[in-house]
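Just the one chain here, laid out as structure tokens, in the form predicted on its own.
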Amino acid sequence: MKLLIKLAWRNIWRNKRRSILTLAAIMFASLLAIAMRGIQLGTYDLNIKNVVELFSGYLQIQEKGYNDNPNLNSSFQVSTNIINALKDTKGVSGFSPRIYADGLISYKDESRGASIFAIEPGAESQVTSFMKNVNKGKFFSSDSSNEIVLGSELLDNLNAKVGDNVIILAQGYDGALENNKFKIVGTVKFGAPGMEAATVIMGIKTAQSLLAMENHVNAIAIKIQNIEQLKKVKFSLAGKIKSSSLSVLSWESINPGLEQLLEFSNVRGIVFLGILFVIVAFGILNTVLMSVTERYREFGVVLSIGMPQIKLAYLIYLETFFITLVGIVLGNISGYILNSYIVHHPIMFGGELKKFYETYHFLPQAQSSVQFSIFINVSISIIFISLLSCIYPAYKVYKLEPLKGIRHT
């Protein structure tokens, strides 16, 4: 075996130009695959974190069935058991109760449909970041005042300004229509025109009074310390909440559209990587086949003096493995340097692409990742396709007859 390893290593450098070109091709393929996958996964993590921490939270406690059919009747009280379960669950870094409702907001002769979103400002600031997006006025500090914050576009549609009073009409928990006067103290931008044109944010106690919900809420949004702990935290929390009517949902269930969009993009990225690997496979096949064909006479001689054909096939595989391994090592080093650079210097988007990203609440930038799994998966994939490409050349050597090899020209 040692002799075969020596022969394989020496054979690689017999034609230096071809070996260097093959090494460069494998290195470039590894670098491109690592960069593509790193940017893909890094951007996914960035946008998941941005969208989830902007509004929905990583997890939510809801009444079963509420996510499929949101309504005020699917509500629950924040009991001591729930609070203790949240505080005792490792990985939970914050939680905030919420109420969601629909209504009508009016100012003078203008009326618009509104999505009422009720929160506790202190608790919500520990879970999401949308309160930092105030672009006019301020955010209310009390959850029981008559102060509200509107989406910036909704304020414009009402032809109102910060400081004006508006009327909000909504159907309450008991089915009766309720209304009250509120003062606009500020506006927020979510980066999504649809939300900015309809959202009304108020204190949770104010909403409970308006909607006759007493101490009920529709959901509790939860922030966790690490997204990689999501499944573990979800399972642990679900086991501690002693209520058959409540469920713990992850961000994928709360935002199925986001999950589907990311999954589609992920599949598209894997297809592109597959095409790249196929191109690399044909390149390696061509190189190995040329190398084998040029050495038919040499192989015929060594076969005639007694070398087993299976060892010649092993030799071809060893040569391919060595040249692939060197190319992958160089590609991994280059890929790590490039991905590390993009981690610290994200690629910023502009123009129409920026608008498209902001429509889905994504940050208009590409981030990268240096996850260990990226390098391992790309390396294993390229080694696999390289060895797969050797099957035909190795088979030709295995079937070579000594006399035909010696006579080959």
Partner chain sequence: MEILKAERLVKIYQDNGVPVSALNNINLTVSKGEYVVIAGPSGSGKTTLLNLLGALDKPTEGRIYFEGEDITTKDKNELSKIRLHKLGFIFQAYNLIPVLTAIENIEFSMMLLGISDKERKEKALALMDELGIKELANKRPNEMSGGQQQRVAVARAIVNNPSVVLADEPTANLDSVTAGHLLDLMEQMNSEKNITFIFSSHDKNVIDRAKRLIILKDGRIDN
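Numbering follows the first chain given and starts at 1. The model shown is predicted, which means the values in this text are computed figures rather than measured ones.
Same protein, other form: the form predicted in complex with the partner chain, not shown, and the subject of what follows.
K.L.:
I'd like to know if R297 sits close to the partner chain in the predicted bound form, meaning any non-hydrogen atom pair within 4.5 angstroms.
P.N.:
Looking in the predicted bound form, residue contacts with the partner chain include R297, since a heavy atom lies within 4.5 Å.
K.L.:
With the cut-off set at 4.5 Å between non-hydrogen atoms, does L318 touch the partner chain in the predicted bound form?
P.N.:
The answer is no: L318 has no heavy atom within 4.5 Å of the partner chain.
K.L.:
So, G274 and the partner chain: in the predicted bound form, are they within 4.5 Å at any heavy atom pair?
P.N.:
Close contact is absent here: in the predicted bound form, G274 is far from the partner chain, nothing within 4.5 Å, heavy atoms only.
K.L.:
Could you confirm whether K399 comes within 4.5 Å of the partner chain in the predicted bound form, counting heavy atoms only?
P.N.:
Answer yes; at least one heavy atom of K399 falls within 4.5 Å of the partner chain in the predicted bound form.
K.L.:
Partner absent here, but in the predicted bound form, which of 165-173, 94-102, 302-310, 322-330 has residues with a heavy atom within 4.5 Å of the partner chain?
P.N.:
In the other structure, the partner sits against 302-310.
K.L.:
Between the partner chain and L7, R10 and I406, in the predicted bound form, does every residue show a non-hydrogen atom at 4.5 Å or closer?
P.N.:
Every residue of the candidate spot has a heavy atom within 4.5 Å of the partner chain in the predicted bound form.
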